[in-house]
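In the form predicted alone, a lone chain appears below as structure tokens.
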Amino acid sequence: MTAVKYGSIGIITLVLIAGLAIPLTRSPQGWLEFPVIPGLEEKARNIFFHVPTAWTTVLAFLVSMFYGIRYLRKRNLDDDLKSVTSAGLGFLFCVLATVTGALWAKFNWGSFWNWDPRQTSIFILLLIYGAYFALRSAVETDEKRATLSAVYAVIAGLTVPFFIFIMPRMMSGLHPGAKGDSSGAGPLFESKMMAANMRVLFYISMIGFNLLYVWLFNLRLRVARLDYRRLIQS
């Protein structure tokens, strides 16, 4: 895990420096210059942070669902710890995606919150997983809490692809990729609108945030196991 820890920190630091320091020009002369994306300009730098946090949110919630299913099959409380650990990280990355998206909205659409379909869908996910943690705190028995949480994690996990990928495309909105967007995807993934050096840095950022998730998952899982052992022994 040491390699994952320093790898994630190193990659995200690199992305932070490069993403903010490399200048945007209308006629880039090399890999150390980004092209200006019409309509986004300096705001395009948020691509390197907002999208990876959103993707990591999806990853964490789906992992939580996976371990919820495993718990229901094997009744191993360690799977419950893994499920809640991943759900907690998913909630954290969901907050980060919401904040970076709100900053983007402020400078691109004029206000932090516009109830755009994607903003609405990510807000609903925050409510769903906020209720998940409220449910866990309301049940005292370990087995009952784990079973109810696992069922909830599975149901909640099934909603994640809908709220992230499907619903925002079914409704008209300001965000790229909404219904009526002629490109169908927006500037984030259109190769003709994202230069090779931006694409490379973008995927490096995706790797960095995924590694950060893996490191935090293992770190928080060890803490959760220690807390559970102390609880049993007390």
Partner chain sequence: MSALSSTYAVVVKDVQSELRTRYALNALVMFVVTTVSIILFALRGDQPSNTVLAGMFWVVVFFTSMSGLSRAFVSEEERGTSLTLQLIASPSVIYFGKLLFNVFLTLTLVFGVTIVYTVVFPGFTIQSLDIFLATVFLGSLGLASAATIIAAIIAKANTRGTLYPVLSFPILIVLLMTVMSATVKSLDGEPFSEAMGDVVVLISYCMVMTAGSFLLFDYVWKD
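Predicted model only: the values in this text are computed from it and were never measured. Residue numbers count along the first chain shown, from 1.
Heads up, the form predicted together with its partner chain isn't pictured, but that's what we're talking about next.
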Work out which of the listed stretches, 105-113, 79-87, 92-100, 151-159, brings a heavy atom within 4.5 angstroms of its partner chain in the predicted complex.
-> 151-159
Checking 62, 170, 195, 32 against its partner chain in the predicted complex, the residue with a non-hydrogen atom inside 4.5 angstroms turns out to be 170
Would residue 128 count as a contact of its partner chain in the predicted complex, using a 4.5 angstroms cut-off between non-hydrogen atoms?
-> yes
Answer yes if any heavy atom of residue 147 is within 4.5 Å of a heavy atom of its partner chain in the predicted complex; otherwise answer no.
-> yes
Would you please decide whether residue 119 lies within 4.5 angstroms of its partner chain in the predicted complex, comparing each non-hydrogen atom pair?
-> no
Given its partner chain in the predicted complex, answer whether the residues 140, 163 and 166 all have a heavy atom inside 4.5 Å of it.
-> yes
Counting only heavy atoms, which residues in 41-74 are within 4.5 Å of its partner chain in the predicted complex?
-> 72
